[in-house]
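The chain below stands alone, shown as structure tokens; this is the form predicted on its own.
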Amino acid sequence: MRYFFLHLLVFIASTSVAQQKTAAPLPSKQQLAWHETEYYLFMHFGPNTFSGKEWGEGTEPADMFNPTNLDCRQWARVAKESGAKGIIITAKHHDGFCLWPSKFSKHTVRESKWKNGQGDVLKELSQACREFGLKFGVYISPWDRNHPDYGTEKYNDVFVGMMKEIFQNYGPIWELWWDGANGEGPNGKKQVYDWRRYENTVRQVSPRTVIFSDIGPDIRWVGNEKGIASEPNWNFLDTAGFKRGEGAPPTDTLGRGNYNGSLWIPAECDVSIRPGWFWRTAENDKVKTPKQLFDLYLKSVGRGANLLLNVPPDSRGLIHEKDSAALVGFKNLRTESFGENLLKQAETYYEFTQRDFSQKPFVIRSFDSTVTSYGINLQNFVVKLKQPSKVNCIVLREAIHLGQTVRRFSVVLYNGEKAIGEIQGRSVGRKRILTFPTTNITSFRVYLEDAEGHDNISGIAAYLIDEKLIEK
């Protein structure tokens, strides 16, 4: 999706920025690129597609996996047409079945009837993603309910070997998705995962890959499977003392992050287009509508997170027609809603306000707080439209390569000299989409409370979208 943002700001000269010191974490180049992907598809596919289970038991025969018309190019084409930037595939779910012919397992596509054991889903999908200009990611669960070595130290060698196979044979891998589930294997034992070794392996063989898990190290789970980020949503997280899976931070902490967290670990919002994660015939009439998907977009991407939308292929090996239609409708709603930035011809100017907070507390507009600490900088700007216009959506973008510094903000709507509405919030992040009742305005003023003293708003846009899409 393309946005025509009105760039409001010429940043301080790079030499000056480089001299500024801050204790707040900053994103890596890989994380910045990840933020810009915004929305991409998850694909749960495997024996569960044919058994109807969500979590396979590992005892399902490999022959159960036999898609009749698998077409990864169709997956990629549908993803591209929906505006998705990539696809993450469940290369190995908890049942242990591998969608590639791994030499470390005897429960793979090689043992199935599909293509007489000569098929390789990862090969076909990675090629399709390259052809259609999509990023390719892989989900791999460390839990394995089939492998005989699971529950022993030897299995850590197996899991590392599987990851190396994937990186060497199907790379580049853009995102690696780790599920922290840890149950019993066929011998009745649980595995002691060597997460440090796993992470070091990825960093060595594919340093540009971003790693997702409950606690990152690069991307964090948002704490729910509803596709919704918290409000506020901080890109910071403290992970000391926490683990993946059991022992992860509380879900509310994962949802909002830590206000003063020490690491840049932004949130990814995963949700399925259907009630379940794997395809079932009974759910063909329960696919989320374009309007529902648009609402999820506002509550994930619109709160500074990324949206990972699961679209599971069916038993044919195709994205079902109902899912495809919903995705096209979702794309159309985004195009119609955000296609015309009303600020392209706007007149913009700034008011910079430095105040001496050491003299007395200063109430920041109607926020329920006072500022008494040294170095806080209130930064305001005004956007004047060429003519009175109906608006019900304003989008703010923060220059997150300089960090996430806006800690509170207020947008006041004006008709002439009269203030006629106000929207308040806390976090901005990569993108903040604000919706409100349709209002005829001539200008609006943005007030920022910036904890670091940097003016980090890098772009702004305003739209008039279908009122039916705005939650009352």
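Just so it is clear, the model here is predicted, and its values are computed rather than measured. All residue numbers are counted from 1 along the displayed sequence.
Note that the form predicted in complex with a small molecule isn't included here; everything after this is about it.
K.L.:
Which residue, 225, 165, 184, 131, has a heavy atom that falls within 4.5 Å of the small molecule in the predicted complex?
P.N.:
None of the others qualify; the residue that does is 225.
K.L.:
By the heavy atom within 4.5 Å rule, which residue out of 236, 193, 277, 170 makes contact with the small molecule in the predicted complex?
P.N.:
Answer to the contact question: 277.
K.L.:
Counting only non-hydrogen atoms and a 4.5 Å threshold, tell me whether 44, 55 and 139 all contact the small molecule in the predicted complex.
P.N.:
Heavy-atom distance to the small molecule in the predicted complex: all three under 4.5 Å.
K.L.:
Can you work out whether residue 120 and the small molecule are in contact in the predicted complex, taking contact to mean some heavy atom pair no more than 4.5 Å apart?
P.N.:
Residue 120: no contact with the small molecule in the predicted complex.
K.L.:
Given that the partner is absent here, does residue 93 sit within 4.5 Å of the small molecule in the predicted complex, heavy atoms only?
P.N.:
Close contact exists here: in the predicted complex, residue 93 approaches the small molecule to within 4.5 Å, heavy atoms only.
K.L.:
In the predicted complex, is there a heavy atom of the small molecule that lies within 4.5 Å of any heavy atom of residue 155, even though the partner is absent here?
P.N.:
Contact check for residue 155: no, nothing within 4.5 Å of the small molecule in the predicted complex.
K.L.:
Report yes if any heavy atom of residue 179 sits within 4.5 Å of a heavy atom of the small molecule in the predicted complex; otherwise report no.
P.N.:
Because a heavy atom of residue 179 falls inside 4.5 Å of the small molecule in the predicted complex, the answer is yes.
K.L.:
Using a 4.5 Å heavy atom cut-off, indicate which stretch of 63-71, 412-420, 430-438, 36-44 touches the small molecule in the predicted complex.
P.N.:
Looking at the other structure, the answer is 36-44.
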